[in-house]
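Same chain, two forms, each on its own as structure tokens: structure 1, then structure 2.
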Structure 1
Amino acid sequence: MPEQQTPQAETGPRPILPILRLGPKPHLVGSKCGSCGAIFLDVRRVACSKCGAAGNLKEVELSDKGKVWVFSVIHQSFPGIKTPYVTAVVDLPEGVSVKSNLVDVDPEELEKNPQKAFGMPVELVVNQVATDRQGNPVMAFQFRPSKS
């Protein structure tokens, strides 16, 4: 579940999760363990769950390109969430995977030819998905088939 966002003085776009950094070149960040190199998708981690080392984590920027590991087409969700949509696990070159919606693809086509999606090169995109109680645009990241 997402963290409650702390109120900020200025208004403007807000990331849906702390691992998303907005700005001219939006990107994801992770915490990397200085002892074993494992990367985690959060920014407030106190220790490494792979090797147990504590207090030896630093923030790293993650690649905006990856490859689809697996996906599912979701046909039933919460009110307000448009279905069908594609959820996917994307492997990043840093050795960590991230989950998000796969956009600019045809869900029906992926169900007919699932093998087509496995290993598909994808890239990060950022879109507004909501407006928060303070009127700030809430920005989320998705992946789309790689154009470059």
Structure 2
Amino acid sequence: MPEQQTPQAETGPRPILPILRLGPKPHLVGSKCGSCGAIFLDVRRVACSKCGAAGNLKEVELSDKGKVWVFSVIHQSFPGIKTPYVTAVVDLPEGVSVKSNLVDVDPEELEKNPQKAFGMPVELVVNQVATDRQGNPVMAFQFRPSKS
């Protein structure tokens, strides 16, 4: 009887969510309806919620730049999570919104001057936030104020 080999587990960085692609240029992905063109922040969607078309969705790369729609400064969180931090809803040019943390911002400054955040141009960044059981880095996306 031939010896069966156990498949080797992949190693390397892991995205924390299925909408994050790491590759050479990290980016978010969504689904685009081939019938009406609607774009969704979801790669597991099987039907379009705008026109009802099924099976006609393809994965598309989303922009790495957006604008802050709304934000909140978080002062209380789970044990081990440093506070305060800023969470926000970021609007992407494709017409989808994504919830994420903002980094490289001063939470106290945004609380004092919230108008600085609303509409703020931001860009996608990817950082290691954990390590999985096999020792691989777990990567999450966040946004920071745009440098351009």
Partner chain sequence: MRNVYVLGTGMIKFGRYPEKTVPELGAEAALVALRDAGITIKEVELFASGNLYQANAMIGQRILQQIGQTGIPVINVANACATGSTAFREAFMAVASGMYDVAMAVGVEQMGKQGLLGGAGGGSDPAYSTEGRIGSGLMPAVFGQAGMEHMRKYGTKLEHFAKISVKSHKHATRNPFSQYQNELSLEDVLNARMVAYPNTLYMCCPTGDGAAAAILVSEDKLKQLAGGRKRPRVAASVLTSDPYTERDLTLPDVNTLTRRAAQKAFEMAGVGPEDVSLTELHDCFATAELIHYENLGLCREGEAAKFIEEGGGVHPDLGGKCPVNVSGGLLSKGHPLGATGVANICEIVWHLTEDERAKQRQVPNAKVGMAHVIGLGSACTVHILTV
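Heads up, when I say rigid core I mean the largest set of C-alphas that superpose within 1.5 Å between the two forms. FYI, numbering is relative to structure 1, first residue = 1. Remember, it's a predicted structure, so these values are computed and weren't measured experimentally.
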{"property": "Structure number of the form predicted alone", "result": "2"}
{"property": "Threshold 2 Å Cα movement between structures 1 and 2 at residue 38, rigid core reference", "result": "yes"}
